[in-house]
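Only one chain is included here, represented as structure tokens and corresponding to the form predicted on its own.
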């Protein structure tokens, strides 16, 4: 019996002989001094959209919490279990991050499930269905638009859910207060797995644009 899957052990071997060896002092400093990331990323648990990979992050650079469809629930201090809210509380109150990024992605399975509420639950608990009910109203509105294709509805809800999560972030007193003081900035991002394109949300209009392409083109056109 193996303690871990072989491909996991091979990946660890590659890490310890490669990146860890090259960045040993960084890891030792992080162990000794603790973490001090400036950015929290709330991302989907989809294996194809890891924020550390997408953003080329160094050890200790990002504080990441991942859940189905990168959703943020509204502030609900009801004594129940709230994993995402707990991570947010720690990032904002203890680590004092300067930025919170909600990062969605294309072809999200959770969003697909929200658009197909008639599908059978994966288990009697229907944890996914309950979780995705956070975007139930928005999913119904998108689904009702007969002018959109199936893939267009998917992308639309993926981006709408990011805006909803940003709105829910602001229901947390610690977030809204720090944002009002200019000590915390909220961002929305959407990653296209197929093309590798990163889209960022304009905080004023809510529109998504490609920061490394659209902004540069606009700058050139303005000259």
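Positions refer to the first chain, counted from 1. Note that the structure is predicted; figures quoted are calculated from it, not measured.
Only in words, not in the display: the form predicted together with a further copy of the same chain, which the text now covers.
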- Message: residue 176 versus a further copy of the same chain, in the predicted bound form: is there a non-hydrogen atom within 4.5 Å?
- Response: no
- Query: At the 4.5 Å heavy atom threshold, is residue 118 in contact with a further copy of the same chain in the predicted bound form?
  - Reply: no
- Item | in the predicted bound form, residue 39 touching a further copy of the same chain (heavy atom, 4.5 Å) | yes
- Task: Check whether residue 181 has any heavy atom within 4.5 Å of a heavy atom of a further copy of the same chain in the predicted bound form, and answer yes or no.
- Result: no
- Item | Sequence-ordered list of residues in 18-35 near a further copy of the same chain in the predicted bound form, where near means a heavy atom within 4.5 Å | 19, 20, 21, 24, 27, 28, 30, 31, 32, 34, 35
